[in-house]
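Same chain, two versions here, written out as structure tokens and called structure 1 and structure 2.
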Structure 1
Amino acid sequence: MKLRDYLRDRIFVYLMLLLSVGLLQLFLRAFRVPAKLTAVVAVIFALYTATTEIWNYMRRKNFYNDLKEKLEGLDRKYLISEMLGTPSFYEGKLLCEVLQESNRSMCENIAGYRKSASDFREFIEMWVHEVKLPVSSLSLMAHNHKNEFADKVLEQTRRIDGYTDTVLYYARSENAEKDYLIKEVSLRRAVSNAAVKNREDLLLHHVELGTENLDVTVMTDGKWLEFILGQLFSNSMKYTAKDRQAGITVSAQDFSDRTILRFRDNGIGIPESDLPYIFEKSFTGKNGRSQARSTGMGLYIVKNLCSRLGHVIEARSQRGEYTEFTITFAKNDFYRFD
């Protein structure tokens, strides 16, 4: 709180005080009060005003400066009402009461929204599990009655199954810490399982899959990692180049402090202008709008899951040449149990 701001806010009060002193001087002169006495009255009035104003200014300055300092130091600004002491002036007490009441109301509203979001998430998870039953039945029926129409049904049921998995993982990604188990996972097994789940699409797009140096274990959750790899497989097959054989290479580099998994395809690549935004929610980019129907959610979920698992995912690409995703797994002993 600056002095000039305080004085500017009180200027009307000071003008009224000057007017009152002027009228008092005229009144005293009218009754022929000696000039020295009127001067003493004016000085006493001025000293009183200055003393009370300085006292009020210092009280407010200390309170508001403390308020501002604590607010700047808080990550969660809404907790400011819990950090303030009881001020010594009425306006400050009123402000504290207002902050506490608004904070209480905000917490009640947030609790309501959280319950609503939790109920909706539970419903989505239940719905996904329920819808998987008819999808599995359709797949089984198509397998048992092989023909050209059955193959088309299988392709569509695989797509539905993939989309429902994405919905389920998105619903759980906000609270993934309740649903993962960190342990040593073989990269070769995780890549193999993800490839098996996407084998029909890999065969359909005639993708040549190559692996290098995957005999490495990392600390992660195997189920979540397979989903992440499945999303990368799906993205690569959406944007294959028409003028060459589609290929995907998955390799690993093992270092003393980290392991890096590289997922590289030879597809159409990502435009340089889109690359910084591909992990943002609902971002589809030029490829998503022109080449395939994209929701922009797959890579967002992948990024979210990697962050919660403590991994770092990055992407680089050259338009018309390749796209490469790297997932970095840190090495530490926090999750090891010997």
Structure 2
Amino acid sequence: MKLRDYLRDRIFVYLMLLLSVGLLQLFLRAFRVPAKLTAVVAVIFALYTATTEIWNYMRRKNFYNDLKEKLEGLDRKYLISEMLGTPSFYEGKLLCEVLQESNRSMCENIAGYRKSASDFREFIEMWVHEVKLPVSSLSLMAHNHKNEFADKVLEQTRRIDGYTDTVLYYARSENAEKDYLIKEVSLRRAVSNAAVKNREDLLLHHVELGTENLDVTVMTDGKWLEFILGQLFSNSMKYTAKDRQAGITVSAQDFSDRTILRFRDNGIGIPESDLPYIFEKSFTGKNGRSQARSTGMGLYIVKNLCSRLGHVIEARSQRGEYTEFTITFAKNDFYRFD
């Protein structure tokens, strides 16, 4: 709150005061009151106005400046009403009441949304578990009655399973609740679990899979990491280069403060103009539009899961040469509970 703004705001009051003092002076002069006396009256008026105005200004200035300062300092601005002291003047009190009332109503509103979001997520979790039962039945049936048709059924059930997992992990990644479990996970185990799950497809696409230095453990949620790796596998298989033997190399590098997992393929790569956006929701890019049916959700979910787990995922690529994803796992004693 600046003095100039305050004065400008009060300009009408001052004009009226000036006018009335002027009129009073004329009136007094008309009654031949001595000039000294009229001067005293004017001074008294001026003193009175100055004191009340300064007092008024100071009260408001203290309150509003405090309010603005707190607002700027706040990360979540809607919490401002919780931070306010009760001001000594009427308008301030009114403002506080209004803020608190509107805040309360907004909280109720948000609680409603939160409830419906978590209900929805619970339903999705439940639905996914239910749908896995018929998928299990189908894959067992196909396995028990092996023939060409059964193989096709198996392939399709694998696809259904992949899609349901995407839904499940999307719901999990969007949710604020902590439903992951950080523990020591062997990278070799995680990579090979993800690879076994994608074995048929990897062989179908003639992908050579190599691993290097995976005998390290990282602090993460094993299941989430397997899902992330599965997404990377399925991306690599979508964008293989036609003119050479497709290959994926998964390797790890262990540093004193972090472990880096590199997932590199020799596929068609990502155009440089697309690279900054690949982790964004619903981004399909040139590759996604021209090559495979891409929903633009896979990498978005991957990024979300990584940041919830506290890992950093980055992508580098050279068009026509390679794509490399790196996941950085921090080594933090905070995670260890033994």
Partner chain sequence: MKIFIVEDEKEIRKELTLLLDKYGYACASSDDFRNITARILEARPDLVLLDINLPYQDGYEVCRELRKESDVPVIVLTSRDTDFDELLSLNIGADDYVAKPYNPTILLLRISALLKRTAKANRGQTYRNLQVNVARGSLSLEDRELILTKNEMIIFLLLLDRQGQIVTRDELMTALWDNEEFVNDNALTVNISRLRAKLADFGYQDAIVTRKKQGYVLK
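For numbering, take structure 1's sequence and count from 1. Remember, it's a predicted structure, so these values are computed and weren't measured experimentally. C-alpha atoms forming the largest set that superposes within 1.5 Å between two forms make up the rigid core.
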### Message
Just verifying the output here: the form predicted together with the partner chain should be either structure 1 or structure 2. Which one is it?
### Response
2
### Task
Examine residue 317 after superposing the rigid core and state whether its CA is displaced by 2 Å or more between structures 1 and 2.
no
### Task
Inspect the rigid-core superposition and answer whether the C-alpha of residue 151 shifts by 2 angstroms or more between structures 1 and 2.
yes
### Task
Answer yes if the Cα of residue 27 shifts by 2 angstroms or more between structures 1 and 2 on a rigid-core superposition, and no otherwise.
yes
### Message
Given the rigid core as reference frame, how large is the C-alpha shift of residue 37 between structures 1 and 2? Answer in angstrom.
### Response
4.2
### Summary
Core-superposed CA shift of residue 16 between structures 1 and 2, in Å, is 2.9
